[in-house]
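What follows is a single chain, given as structure tokens, in the form predicted on its own.
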């Protein structure tokens, strides 16, 4: 009985993940939909990072915001991701010293 339950639960969680993967390959989306879908990972990453930026220093969200702005500027300059991260960290470190 437990084995049947495990198989059933695995099918219930596996099917909703596998079926769209096969269907999406066969569907041709318009260009604006593809552009919108390609932005989803960046939006999700921003949604996970931004709350942490506000809590870099307790009772002073401006420190994290300044560090975030430095990271944005460095990213727009086309620097490597490691330099962007280190630049933001150094900015916050220098502000809090």
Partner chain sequence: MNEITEDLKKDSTRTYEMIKLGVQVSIPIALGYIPVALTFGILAKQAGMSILELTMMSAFVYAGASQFMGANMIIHSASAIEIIVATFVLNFRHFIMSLSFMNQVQTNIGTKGRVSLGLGLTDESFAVSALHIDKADNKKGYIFFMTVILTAYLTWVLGSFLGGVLGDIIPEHLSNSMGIALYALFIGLLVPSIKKDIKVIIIVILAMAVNYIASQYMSEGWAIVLGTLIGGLSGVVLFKEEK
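Everything numeric in this text was worked out from a predicted model, so none of it was measured. We call the rigid core whatever largest set of C-alpha positions still superposes within 1.5 Å between the two forms. Numbering follows the first chain given and starts at 1.
Below, we refer to the form predicted in complex with the partner chain, which is not included among the displayed structures.
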Just to make sure I understand: among 24-60, which residues lie within 4.5 Å of the partner chain in the predicted bound form, judging by heavy atoms?
24, 25, 29, 31, 32, 34, 35, 36, 37, 38, 39, 40, 41, 42, 43, 44, 45, 46, 47, 48, 49, 50, 51, 52, 53, 56
So, superposing on the core, is the move of residue 77 at the CA at least 2 angstroms between this form and the one not shown?
no
Indicate whether residue 11 shows a C-alpha shift of 2 Å or more between this form and the one not shown, with the rigid core used for the fit.
yes
By the 2 angstroms cut-off, has the C-alpha of residue 37 moved between this form and the one not shown once the rigid core is superposed?
yes
